[in-house]
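Below you will find one chain, with nothing else, as structure tokens; this is the form predicted on its own, and questions on how it binds or moves follow later.
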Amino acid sequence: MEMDTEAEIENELAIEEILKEFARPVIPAEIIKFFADDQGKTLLVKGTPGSGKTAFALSLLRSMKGTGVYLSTRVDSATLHEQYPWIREEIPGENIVDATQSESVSSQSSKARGAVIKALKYTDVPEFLKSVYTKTEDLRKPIVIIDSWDAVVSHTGYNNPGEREKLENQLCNFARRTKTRVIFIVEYMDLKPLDYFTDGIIVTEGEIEEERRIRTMTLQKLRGCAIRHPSYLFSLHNGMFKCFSDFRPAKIENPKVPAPIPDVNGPGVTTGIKDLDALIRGYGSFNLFKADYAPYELLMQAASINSLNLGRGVVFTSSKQLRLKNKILPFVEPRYQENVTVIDVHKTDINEFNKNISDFNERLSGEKKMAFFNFDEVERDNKEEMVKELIPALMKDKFTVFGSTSEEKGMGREMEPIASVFILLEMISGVPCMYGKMPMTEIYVMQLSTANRFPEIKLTPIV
């Protein structure tokens, strides 16, 4: 008995932690605006199995702060609350209803889980509407999720196209008249009459890229609401829907110097991002990036600021990176601001570059250092052989070296065998993302927070 009690306590603590971290889901602004008034609305959520339809609908319900009725053809209350523990307040157990009238499922579920799914009783369209109304008439801002509508139609015998169309039309009219929000979840992707009856249509999709999942949502129709961003990247991390908006770096007023993050255990050099340190155990001696520029700049910025605030040195190897140098200095302690320099590999020969590096090393008295190369620029200026000679020498001098390329070929491909870390950085639906090839990782969204008055990167996995 004590073991059961301990397990229950642990489970409750785990649920509390999830609720603290994910107080509210992040829903596209257009959908929030679509449901902002008190009018009855219908939304059609389309997508293949496993594409995130149910998690989206439940997250939307929580975001709208209404009281939900979940007409289920899939799960009982215990299962739903186990899979989505944060939905308990919005959909209490008595509001999880069997939409198939399946007595056998109800009794089996009752024996297996100690929970009863209450069945809707109806024989025709008016009876179905009456049953739904009875469940919602006393609720505050009622929201009805039908999961899935295809299964409801199949179980209730409305397979005839004409009868099905009549039921769908009347249900949409019922929603408008009673000021009820109805969310239909379906697993078909083609065009059907319900697409015309509903006020809004969204499509969830899950694709696999290099054995990693990418989830996107397309807003196809939101009647009376402008769609500014038709496509959103999203994640179902911890079972809750979270979409990501286009990346817009914000100007930080009254910048603050962050407390530096120490190196992780072992030989790795800290990335300056706690989530990334936990993921790859820090940078190695040579680190390769196939990168779109925006997400790569976020990583360079984080690594440089943190390295400088640890009293270390940073070398940019192109005058084009002077802008980045000026950008990071407000977040670096004044006593360490001289520890960053630009030694332009494109305007010097190898002897002059080595002399400048030697002077830099002498000034920093053996501290760890970072050096950044853009292989695309190197190839354009025919500096490949020089840089290939410089990189091993820098690694020997305690430099953590970074090489970036926009294409997985040329010098980037040649340098891949000596890389201890290889990361791909890509803008997906306007959002900076990363995933590791070495070590291998899932795809993560890179979210920039400026709440603490310095640039801070958080990683969220696309799951």
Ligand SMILES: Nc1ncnc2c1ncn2[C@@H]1O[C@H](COP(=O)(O)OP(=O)(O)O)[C@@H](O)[C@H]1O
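None of these values were measured; they are calculated from a predicted model. The first residue of the sequence shown is number 1, and the count goes up from there.
There is another form of the same protein, the form predicted together with the named molecule; it is not shown, and what comes next is about it.
Here is the short version: of Asn238, Thr178, Thr79, Asn354, the single residue with a heavy atom within 4.5 Å of the named molecule in the predicted complex is Asn238. Note on contacts: among Gly436, Gly52, Gly40, Gly403, the single residue with a heavy atom within 4.5 Å of the named molecule in the predicted complex is Gly52. The chain is drawn here without the named molecule; in the predicted complex, the stretch among 391-399, 420-428, 405-413, 52-60 whose residues come within 4.5 Å of it by any heavy atom is 52-60. Proximity of Gln170 to the named molecule in the predicted complex: non-hydrogen atoms within 4.5 Å are absent; the residue sits far from the partner.
Looking at Tyr84, you'd find a heavy atom of it within 4.5 angstroms of the named molecule in the predicted complex.
With contact defined as any non-hydrogen atom lying within 4.5 angstroms of the named molecule in the predicted complex, Arg215 is the only contacting residue in 192-224.
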